[in-house]
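One chain is shown next in structure tokens, namely the form predicted on its own.
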């Protein structure tokens, strides 16, 4: 397994902070930081579509045709096959673009995580890997995002859940370290 050596764990191992290529993770589902078109893009979105192959795009086109002809709204989440990925499912969510924090970005970012976890629950998956949603080209401040995500996860794991482990997969060790610094006061010092 790619992720066995997490940098830090929280909540009795329910949350694992690590680094790596999310497309290589052996989990039940990975979350895609998608754009509203669901038709692929740059960054994590493009990498997932390339690694997963055409089956993901085909399902995304069906979702667009049947459920979201105007595109997936920010904060919502839907699932497709994992295609050629090691993950069986891809949960696509659209994070908010940062506009200075005055357009509900905090709430929308938390919705992206909450709704992705709700989709994971509906699929009955036990392990889910998340990228750092909205903190790349969408410009969401990484320190602020870390605190918001930590709060969502603390609340989520406060009751028994189908999902047993959430992996927070960062591209760089410095981003993982920043998350840990911001999350420690919320999630506890971890192990």
Ligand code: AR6
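Just so you know, these numbers come straight off a predicted model, no measurement behind them. Residue numbers count along the first chain shown, from 1.
The same protein also has a form predicted in complex with the named molecule, omitted here; what follows describes it.
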Quick one: does residue 57 come within 4.5 Å of the named molecule in the predicted complex, counting heavy atoms only? no
Using a 4.5 Å heavy atom cut-off, state whether residue 138 contacts the named molecule in the predicted complex. yes
My question is simply whether residue 21 lines the interface with the named molecule in the predicted complex - judged by any non-hydrogen atom within 4.5 Å. yes
Residue 53, heavy atom within 4.5 angstroms of the named molecule in the predicted complex: no
Among 66-74, 118-126, 156-164, 29-37, which stretch sits within 4.5 Å of the named molecule in the predicted complex, heavy atoms only? 29-37
Suppose contact means any heavy atom within 4.5 Å; which members of 31-50 contact the named molecule in the predicted complex? 33, 34, 35, 40, 41, 42, 43, 44, 45, 47
